[in-house]
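There is one chain below, alone, in structure tokens, taken in the form predicted alone.
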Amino acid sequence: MAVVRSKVISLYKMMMTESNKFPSYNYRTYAVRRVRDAFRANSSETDPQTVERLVQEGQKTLGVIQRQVSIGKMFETQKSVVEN
């Protein structure tokens, strides 16, 4: 179970790091909030198969976040008042 726990924590950290790379404030705060909420909602899960399925879904979501960050950086706009 310790291996799974470290895997989940590592996935959480990677997702938060990638979410914070969004150039747009709105996308960045939305992604951070969604990642945090998803991990909190599933924090009480103890079934190993369900945890493994959630980790796999999280890894797919991490890939989506990474692609969206790359696309967002290609089409950066001016910073909003909130970001300055």
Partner chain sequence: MLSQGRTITSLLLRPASRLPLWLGRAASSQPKELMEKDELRPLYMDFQATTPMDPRVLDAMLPFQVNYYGNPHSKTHAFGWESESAMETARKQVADLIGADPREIIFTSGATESNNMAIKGVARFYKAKKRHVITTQTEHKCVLDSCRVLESEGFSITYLPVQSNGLVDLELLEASIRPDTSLLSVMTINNEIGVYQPMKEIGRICRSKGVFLHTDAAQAVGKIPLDVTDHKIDLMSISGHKLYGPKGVGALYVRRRPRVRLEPLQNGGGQERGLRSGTVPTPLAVGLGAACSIAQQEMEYDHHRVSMLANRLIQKIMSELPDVIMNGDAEQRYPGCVNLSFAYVEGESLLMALKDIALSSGSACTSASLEPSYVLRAIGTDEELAHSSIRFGIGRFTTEEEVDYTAKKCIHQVNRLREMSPLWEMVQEGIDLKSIKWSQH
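Quick caveat: nothing in here was measured; it's all calculated off a predicted structure. Numbering follows the first chain given and starts at 1.
In what follows, reference is made to the form predicted in complex with its partner chain, a form of this protein that is not presented.
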property: Joint contact, K7, Y12 and V55 to its partner chain in the predicted complex, by non-hydrogen atom at 4.5 Å; result: no
property: Partner proximity in the predicted complex: T29 to its partner chain, non-hydrogen atom cutoff 4.5 Å; result: yes
property: Non-hydrogen atom contact D37 with its partner chain in the predicted complex at 4.5 angstroms; result: yes
property: Non-hydrogen atom contact V81 with its partner chain in the predicted complex at 4.5 angstroms; result: yes
property: Interface residues of 5-20 toward its partner chain, as seen in the predicted complex [heavy atoms, 4.5 Å]; result: none
